[in-house]
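Here's a solo chain for you in structure tokens, the form predicted on its own.
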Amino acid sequence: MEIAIILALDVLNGASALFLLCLGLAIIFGMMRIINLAHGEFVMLGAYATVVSANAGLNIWVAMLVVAPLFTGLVGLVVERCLIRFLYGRLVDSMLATWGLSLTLIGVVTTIFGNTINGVPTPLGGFSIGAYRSSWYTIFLFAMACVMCALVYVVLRRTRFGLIARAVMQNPGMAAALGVNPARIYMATFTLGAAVTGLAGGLLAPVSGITPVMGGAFVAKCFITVVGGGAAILSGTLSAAGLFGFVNQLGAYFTTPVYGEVILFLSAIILIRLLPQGISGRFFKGTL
């Protein structure tokens, strides 16, 4: 019984972390159709912002929940104004540009911090279940995934900004004819996506080794989760993250973490082959 509870907590932890990692990409790719190959580096920037500010004496919670999203959101704002805004509607060009941005960010961070592994202590401590131990931080990550899901839903569904943003993404010409400035909405949406991604990096900093190339471990997994989820950015990403998190953690438990990743990617291929429109294209049509 104890091992089943520990395994359930591992699955919960994997699905929560994957959802948090994918949420910013779902906003940028799912809404704006920008293939941001620097998504993993935005996660890395959030993690480094947390490590640097925490090591400078700032409270770890402030570093994770405030500094990481603010810093990465600011970087996203600069990137959108200096690079992305010239590439809307140019899919291949945006891929190449964000790939170059990814390499640039890795090079800059490596120059500043080197290739050594950084990190911060995991807060909250642990608890025992029979002969096994788990961390309260696992429960905290699940709670943060629920909070972020609710916040993004409220912003996109219940606020004037969310209504205008969804309208601009569907028909920017019509929105402009009604007096909306699409360029500002694109800028704000990209900045929001970058900030959410930075928050994920900050939250995962205590449980990950922080290196300049850490983003490479996340970007492929995030893309297949968002594509597997389909057009609905919240219900699709949530269902795909839950499914792939379950498959990954269960595969890793019964084999090894490496084979767990292989099983995850095979599952994604089968899912996309069976459901070309993603999970939300079959089960959550018309939802956010």
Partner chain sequence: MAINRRRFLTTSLTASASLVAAPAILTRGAFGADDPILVGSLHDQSGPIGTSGVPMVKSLELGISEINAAGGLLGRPLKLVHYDTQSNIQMYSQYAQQLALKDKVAVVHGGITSASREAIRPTFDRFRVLYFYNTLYEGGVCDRNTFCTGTTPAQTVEKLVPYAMSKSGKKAYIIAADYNYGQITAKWMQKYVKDNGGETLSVDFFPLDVTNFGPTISKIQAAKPDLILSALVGGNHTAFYRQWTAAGMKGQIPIASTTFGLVNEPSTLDAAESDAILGAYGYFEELTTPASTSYVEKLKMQSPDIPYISELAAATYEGFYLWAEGVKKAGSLDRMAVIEALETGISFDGPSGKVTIDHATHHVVRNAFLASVKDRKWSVLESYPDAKPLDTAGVCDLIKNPADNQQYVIDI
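Given the structure is predicted, the values throughout are model-derived calculations rather than measurements. Residue numbers count along the first chain shown, from 1.
What comes next is about the form predicted together with its partner chain, which is not displayed.
J.: Applying a 4.5 Å heavy atom distance criterion, does residue 217 contact its partner chain in the predicted complex?
T.: So residue 217 counts as contacting its partner chain.
J.: Wondering, does residue 119 line up within 4.5 Å of its partner chain in the predicted complex on heavy atoms?
T.: The answer is yes: residue 119 has a heavy atom within 4.5 Å of its partner chain.
J.: Applying a 4.5 Å heavy atom distance criterion, does residue 73 contact its partner chain in the predicted complex?
T.: No - in the predicted complex, heavy atoms of residue 73 and its partner chain never come within 4.5 Å of each other.
J.: If you check in the predicted complex, is residue 252 within 4.5 Å of its partner chain, heavy atoms only?
T.: Taking the distances in the predicted complex, the answer for residue 252 is yes, it comes within 4.5 Å of its partner chain.
J.: Have a look at 175 to 183, 207 to 215, 145 to 153, 87 to 95 and name the one stretch with heavy atoms inside 4.5 Å of its partner chain in the predicted complex.
T.: Flagged stretch: 207 to 215.
J.: Candidate spot 162, 166 and 236, all three in 4.5 Å heavy atom range of its partner chain in the predicted complex?
T.: Per the other structure, none of 162, 166 and 236 touch its partner chain.
J.: Where, within 108 to 147, is there a heavy atom within 4.5 Å of its partner chain in the predicted complex? Residue list please.
T.: In sequence order, 115, 116, 117, 118, 119, 120, 121, 122, 125, 126, 131, 132, 133, 134, 135 come within 4.5 Å of the partner.
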